[in-house]
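One chain is shown next in structure tokens, namely the form predicted on its own.
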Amino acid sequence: MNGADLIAILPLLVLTAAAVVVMVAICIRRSHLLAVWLTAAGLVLAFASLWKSASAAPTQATPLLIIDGYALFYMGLIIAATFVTVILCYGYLENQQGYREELYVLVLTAALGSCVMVASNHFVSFFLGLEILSVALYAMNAYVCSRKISLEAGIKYLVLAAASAAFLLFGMALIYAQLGTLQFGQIASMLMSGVAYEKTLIYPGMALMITGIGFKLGVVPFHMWTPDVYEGAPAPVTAFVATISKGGMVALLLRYFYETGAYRLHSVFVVFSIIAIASMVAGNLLALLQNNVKRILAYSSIAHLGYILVAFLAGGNRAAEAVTFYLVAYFVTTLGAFGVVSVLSNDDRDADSMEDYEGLFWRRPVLAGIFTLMLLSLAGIPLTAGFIGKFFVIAAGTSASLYGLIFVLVVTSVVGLFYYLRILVAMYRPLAETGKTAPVAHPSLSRSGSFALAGLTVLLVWIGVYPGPFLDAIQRAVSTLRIF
């Protein structure tokens, strides 16, 4: 590794150093505020280092990582989302008993794993990044260990993530056994020549990899862990799992299947089409049966991953742009929605019951307004980021004549509107109509939480009204992705 390689991977080095610095600081002096400041400073430095890395891009930094505009864009998205998560964590943990500081070491480690994944063009770096992310998430999900439901979420995630890692590893092993390489570019050359399709282990290998990726994305039929983990994990950690964890995997999905040309295989198209339809239908229908807000958002996330797969199946630059734009909108909206849940939670439990939101508008009108915007964006209502994201997904699908998938997307989106409206009706219903003698008590809104939610709300409306600058940045980033 030379100096240019070190500059290229500077964001990864800064994130690693930040995690070590926070860990050492905790050993010297245990202070929640100090840990947050050090974590935030590390993330700001990592974000700033993206411009320095861009001066060396595109470059192959070691055989494992490629630093190009695509990787840097997703790193920026992950780092920015992690910054918001840290702010939400601070307000949330201030209401909790026990040690708080170690969570920030885990958050930085998980962000590092996601960043490694989006820069991977080799199975080894892919698996290393995934495991760095997963190991941190095991502890993050069970961090509030005084709650049984949190421990249950951590154990469930541990078992199912370990199973999915086994599927992935076995799939990689089968592909390596046939092709003799783990590098995406070399795999692409063999697939494009057509010789690889004659090998008997290629298709089983791909099937096992899709199974492992499906577990990580939480799409049907690999979605069983999603509602339980979302419900049991602390609200800011749930936001992290729903956005950064899944976003890193989607970025890697695009790079692997597009750069190797595997998405052009008919069998791969059929499998992902079935997964997309099942996720859109089951995610939205199962959400209708829920009364727990975090479980509703969990099933909603399954449906949204189905929408993303529709754009993914379209293939080409336009599809990659649609997927990336949808992810940006989804990050902003989901962080905002779980941000509201975080600021309303207390030391005893998270604010995930529908009763916690009854009459919220009459007690916290600004907070209810923010949550309304986030839910409308998730439903894809105009003037929100979610509407523009869904528009690009439908445009990408139309350009590839995926009319059947678009039909399912539109119908299930209409169904999804119902469960978002259930939460809105509960928030705006006068307290007298609920039959409650007294409203549910909520903790006072923290400054950090207010700052994060205000920023996300502005961003949500900005993307919904004037998406041009974001679209230009996404187009420049995606243009560096090598699509076969």
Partner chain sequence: MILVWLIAILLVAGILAEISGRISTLWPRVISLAAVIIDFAIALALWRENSAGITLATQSEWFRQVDWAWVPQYGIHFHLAMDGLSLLMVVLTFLLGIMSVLASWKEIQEGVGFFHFNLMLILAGIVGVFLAVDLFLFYFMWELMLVPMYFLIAIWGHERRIYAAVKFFLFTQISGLFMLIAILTLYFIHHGVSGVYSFEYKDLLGTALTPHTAMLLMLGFFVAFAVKLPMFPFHTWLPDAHTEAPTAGSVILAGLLLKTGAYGMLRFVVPLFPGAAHQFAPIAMLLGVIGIIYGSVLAFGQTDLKRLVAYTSVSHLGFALVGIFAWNPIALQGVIIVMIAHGISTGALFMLVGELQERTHTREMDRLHGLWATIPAMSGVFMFFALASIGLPGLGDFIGEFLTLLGTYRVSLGVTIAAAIGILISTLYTLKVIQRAFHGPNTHQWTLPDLGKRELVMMVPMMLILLGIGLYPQPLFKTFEPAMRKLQQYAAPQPVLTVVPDTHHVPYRQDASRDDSEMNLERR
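These figures come from a predicted structure and were not determined experimentally. Positions refer to the first chain, counted from 1.
Although not depicted, the form predicted in complex with the partner chain is the subject of the following passage.
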Legend entry - Leu383, Ile394 and Phe407 all contacting the partner chain in the predicted bound form, non-hydrogen atom within 4.5 Å: yes
Legend entry - Residue stretch of 158-166, 112-120, 358-366, 231-239 approaching the partner chain in the predicted bound form, non-hydrogen atom distance within 4.5 Å: 358-366
Legend entry - Option touching the partner chain, based on a heavy atom within 4.5 Å in the predicted bound form, out of Val44, Val458, Val425, Leu33: Val425
Inset, instruction - Verify the contact flag for Tyr99: yes if a non-hydrogen atom of it lies within 4.5 Å of a non-hydrogen atom of the partner chain in the predicted bound form, no if not. - result: no
Legend entry - Partner contact for Leu417 in the predicted bound form: the partner chain, 4.5 angstroms, heavy atom: yes
Inset, instruction - Classify Leu376 as contacting or not contacting the partner chain in the predicted bound form by the rule of any non-hydrogen atom within 4.5 angstroms, answering yes or no. - result: yes
Inset, instruction - Evaluate Arg255 for contact with the partner chain in the predicted bound form, applying a 4.5 angstroms cut-off between non-hydrogen atoms, and reply yes or no. - result: no
Inset, instruction - Enumerate the residues of 453-476 that have a non-hydrogen atom within 4.5 Å of the partner chain in the predicted bound form, in sequence order, or give none. - result: Gly464, Val465, Tyr466, Pro467, Gly468, Leu471, Asp472, Gln475
